[in-house]
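In the block that follows, a single chain appears as structure tokens, in the form predicted on its own.
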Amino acid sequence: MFDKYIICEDSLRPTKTPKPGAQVEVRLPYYRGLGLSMVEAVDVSVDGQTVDPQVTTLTVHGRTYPFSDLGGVLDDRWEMGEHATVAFPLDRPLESGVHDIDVAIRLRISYMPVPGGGRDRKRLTLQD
């Protein structure tokens, strides 16, 4: 239902530390905010290349978390509509131009019998 809103337009940017990489802003695909421990995974691919989830980070309102630590974050939330930043290193810097970005977010919601989440795919231009 909220899939088409996951990836924020004009949010693909290069990163330089600690390795060349990129970041993209995303929204929670759910009708209300959730504790970060309920974000099970955020899978990213760039131009068809899957990014290793073990090296990605999620930044929400200024706090950055490795995905491997999210399951234990009990005192922070990601609110509906709030932009979070997913950052990831790449083997080489992204070239200028348009890139295919795919983001799948899996949510662990205690009162739902099946996993929640969504997937979005957009063509974004790398911003400087």
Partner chain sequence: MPTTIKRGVSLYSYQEEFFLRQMSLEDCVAHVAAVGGTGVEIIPEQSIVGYPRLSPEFLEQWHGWIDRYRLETSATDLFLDTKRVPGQWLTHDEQVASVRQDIDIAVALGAPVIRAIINTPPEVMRDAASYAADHGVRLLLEVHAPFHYEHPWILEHLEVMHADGGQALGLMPDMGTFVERFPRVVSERALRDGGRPDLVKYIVDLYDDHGDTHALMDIVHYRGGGPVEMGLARQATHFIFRDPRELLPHMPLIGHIQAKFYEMTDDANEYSIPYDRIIPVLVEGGYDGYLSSEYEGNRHIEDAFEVDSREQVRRQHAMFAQLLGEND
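All values derive from a computational prediction rather than experimental measurement. Numbering follows the first chain given and starts at 1.
Another form exists, predicted together with its partner chain; not displayed. Remarks below refer to it.
- Note on the partner interface in the predicted complex: the residue among Asp52, Asp47, Glu79, Glu95 having a heavy atom within 4.5 angstroms of its partner chain is Glu79.
- By the criterion of a heavy atom within 4.5 Å, Gly33 is counted among the residues contacting its partner chain in the predicted complex.
- Taking the partner from the other structure, its partner chain in the predicted complex has a heavy atom within 4.5 Å of a heavy atom of Asp75.
- The closest heavy atom approach of Met38 to its partner chain in the predicted complex falls within 4.5 Å.
- With a 4.5 Å cutoff on heavy atoms, Arg123 does not count as touching its partner chain in the predicted complex; it lies far away.
- For the partner-free chain shown, Lys4, Tyr5, Arg27 of 4 to 27 come within 4.5 angstroms of its partner chain in the predicted complex, judged by any non-hydrogen atom.
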